[in-house]
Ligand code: ATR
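Below, in C-alpha cells: the form predicted alone, a single chain.
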C-alpha cells in the first residue's frame, strides 16, 4: 500500500497541465513527498471520477476547465473566496471526510504581483474582461486597497453587473473599452483575446509612468497585449507567475506550508524557452 499522500488535477483536456511539474517542485523543495497526477476526466462523469479518487485515498485536487462549477456543487462547504468567485479550482478533504471547495486564483495573482513589487494600495487598476477569470480575482484586488478598480469589457452590461456585485464603497465600476478614461498603474488583461491573437480596442493613454501590464495568459512568446504594451515602455509580465502562485496557495491549503514560488517559476520559464 502506498502511503504517500495522493493529489491530482482534474480536467479535459489536461495533458498540457503544468500542475504536476509545479507540485513536484514544491514537494522536492519542502522535502514533503506527495503523489500528484494529471487525470483526464470525461466531461459527463466528473462526479464519478471524484468518487473513485476518494476511494483511492485522494486528499485533494486542483480543478481546471470545464469542471470548476461542478466542483463547487460537490463540495460540502465553500470558502468565502470560492463563493465570491462562483467557481472552485481547489478541493481538499478534511480529517472528517468533509470536502471543502476553494478558489486560489485571486491569491495566486496577488502573490505574483507582490513578487513583482508592484504597489496596489492607492493604485488605479484596470481589468480587461468580465469572465470567470475576472470574478475570481476582484475581491483580493479590492482588499489590497486600490484607489479605483475599473472593469472594461466588450459587453458593457457584463462589466457593470460584475462591478455592482463587488461594489466596495464606490471603488469599482464597469465600462466598455471605448469608455476607458485616465491612466492606470496596473492593467490586467483577462480577456480571451490573447488566445485568438486579438487585441481589445485600447487607448494609447492607458499607462501611468512605471505601470505594470499583466496578461493572465502566458506562453513562450509575449501575448499580443504585452507586445502592444511594450511600446509604452512599461513593465510587461505574463501569467505564468499567477499559475505558480495559485498552485502554491493550493499546496498551503493541503499541506500547511508555503513554498517559494521563484525557483519553480524559473524552471517553468526555462522550459518554455
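Residue numbers count along the first chain shown, from 1. All of these numbers come straight from a predicted model, not from anything done at the bench.
Just so you know, the form predicted together with the ligand exists too; it's not on screen, but the next bit is about it.
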- prompt: Within 4.5 Å of the ligand in the model of the complex, do we find a heavy atom from each of 131, 177 and 192?
  reply: yes
message: Based on heavy atom distances of 4.5 Å or less, which listed stretch (193-201, 95-103, 179-187, 113-121) is in contact with the ligand in the model of the complex?
response: 193-201
message: Is residue 154 part of the interface with the ligand in the model of the complex - any heavy atom within 4.5 Å?
response: yes
message: Given that the ligand is not shown alongside this chain, does residue 158 nevertheless sit within 4.5 Å of it in the model of the complex, heavy atom to heavy atom?
response: yes
